[in-house]
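Starting off, we have a lone chain in the form predicted on its own, written out as structure tokens.
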């Protein structure tokens, strides 16, 4: 297979000096300025190496404008939320395609592990499904010698999945869902479930809830939803650690989904990218039952304000879990990318800045949508993110 690299840039060349920074990728370049076939690669004789830009892939190639090819080199290390794993793999593959001498590694250890490694200086960037708390913000400020950036770059529904033979979908109000996961409703043919699913033949089968065994932002987001919508039927405060004793537990989103797949009568919560062939629950919002989708998740995010009393570079969204907006799906996970606005090493700062610029770009967000079923961030949110990313130095 012969590789020919094609990068056509119509801009006048800029003088380079020993101290000139590497040319930076930007959002919204004119198409003529970034004429790169399959994101800068023409492959002769064997088709595209990148399934997301291959015109033969189902649905066709990416529609977003290709990101400009670069010449970055070095290594970058990240760790954190397993919910981001599929999206992160797509982001890394895309960015390394246009920067072939760059190596990026991401360890999906979970949100808690990612935050710990980041504030301790063990990784250059991190992913977390829950914002930093006050203590972590202080630790991150010390590590960064300045502000920490919290960037909402991955938006995905949290699906409630189950495994019942012959049943593909169910309806649940917040009250019923809370009592199922709190082990107050213990059988699938319980009258409370049957009342919300009159057309479903429910089995006389024990319900087996499955939860995360590790500290998890997915857990915290799901528990926060139950806390804000189910009232007295969910007596537990939001936490990254599952609050109900007993039952089955598994590590990471993939472990939880595997446990549900391996059982019968099992139910769990997981990032929507992991659903596969499992049955899913539509949740009650405004008197209607709404199934998960990227579009329904995006409605909640765009309607919610930013959290107050946080650093200027912290773009944490205060999700309105109890929304009654028609068609909105409120069990949403916003996974944040953590980075320093100031790094001791200029090379690391450049790599982090350029990688996160790519992640926030239309191409980066479309790659995530294709690979993980996430909701691309809105143009308004992208502008806010880029303002912060541009400050990384």
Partner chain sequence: MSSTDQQPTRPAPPAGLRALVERRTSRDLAGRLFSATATGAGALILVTLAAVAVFLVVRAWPAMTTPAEELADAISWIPEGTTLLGYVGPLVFGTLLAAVLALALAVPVATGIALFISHYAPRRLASPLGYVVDLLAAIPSVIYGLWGGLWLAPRLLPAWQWLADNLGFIPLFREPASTPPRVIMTVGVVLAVMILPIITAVAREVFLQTPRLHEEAALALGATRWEMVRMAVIPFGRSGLISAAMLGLGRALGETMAVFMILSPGFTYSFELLQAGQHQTIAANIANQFAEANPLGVSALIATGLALFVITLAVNTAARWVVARRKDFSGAN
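Numbering follows the first chain given and starts at 1. Just so you know, these numbers come straight off a predicted model, no measurement behind them.
Just so you know, the form predicted in complex with its partner chain exists too; it's not on screen, but the next bit is about it.
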Proximity to its partner chain in the model of the complex, single hit among 220, 214, 124, 85 (heavy atom within 4.5 Å): 214
One residue of 176, 296, 109, 132 in contact with its partner chain, assessed in the model of the complex (non-hydrogen atom, 4.5 angstroms): 109
Partner proximity in the model of the complex: residue 93 to its partner chain, non-hydrogen atom cutoff 4.5 Å: no
Residue 120 within 4.5 Å of its partner chain in the model of the complex, heavy atoms: no
4.5 Å heavy atom contact, residue 313 to its partner chain in the model of the complex: no
Contact of residue 266 with its partner chain in the model of the complex (heavy atom, 4.5 Å): yes
Segment that reaches its partner chain in the model of the complex - one of 303-311, 224-232, 278-286, 109-117, heavy atoms within 4.5 Å: 109-117
Residues from 234-259 in contact with its partner chain (non-hydrogen atom within 4.5 Å) in the model of the complex: 241, 246, 247, 248, 249, 250, 251, 258, 259
